[in-house]
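Only one chain is given next, in structure tokens, and it is the form predicted on its own.
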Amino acid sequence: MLINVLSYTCIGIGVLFWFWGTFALTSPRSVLFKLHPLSVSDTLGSISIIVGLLLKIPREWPLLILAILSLAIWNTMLGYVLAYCSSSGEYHDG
């Protein structure tokens, strides 16, 4: 019973993070300022949902831990790539 409550709480927090990041897109700031809260909230929301699934189906822990690590690494690297590609050229070689 307590595990179900914790699991659904984590999943609910994850969905709230997803919506919070989506609402950040409506701000009048530039695209890069909009992408940062979106990527952070999506990462935290997805990890929270996976933790909720981990509590619900612990027998699948290797795949769920792999999913958490993949999300953390992928979203961090994607942020660096976006920042590099959007720089105004002062850091580019050539």
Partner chain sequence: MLNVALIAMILALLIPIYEASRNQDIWQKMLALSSIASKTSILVLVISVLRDDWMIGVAAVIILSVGNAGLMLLAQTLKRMNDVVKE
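If you're wondering where the values come from, they're calculated on a predicted model, not measured in any experiment. Take the two forms, find the largest set of C-alpha atoms that superpose within 1.5 Å, and that set is the rigid core. Numbering follows the first chain given and starts at 1.
The protein also exists as the form predicted together with its partner chain; that form is not presented, and the subsequent description refers to it.
Using a 4.5 Å cutoff between non-hydrogen atoms, residue 71 counts as a contact of its partner chain in the model of the complex. Contact between residue 40 and its partner chain in the model of the complex is not found at the 4.5 Å heavy atom cutoff. Its partner chain in the model of the complex comes within 4.5 Å of no heavy atom belonging to residue 44. Using a 4.5 angstroms limit between non-hydrogen atoms, residue 10 is distant from its partner chain in the model of the complex.
In the model of the complex, 8, 11, 15, 18, 19, 22, 23, 25, 26, 29, 30, 31 are the residues of 1-31 with at least one heavy atom within 4.5 Å of its partner chain, listed from first to last. In this overlay on the rigid core, residue 28 has a C-alpha that sits 2 Å or more away from its partner position between this form and the one not shown.
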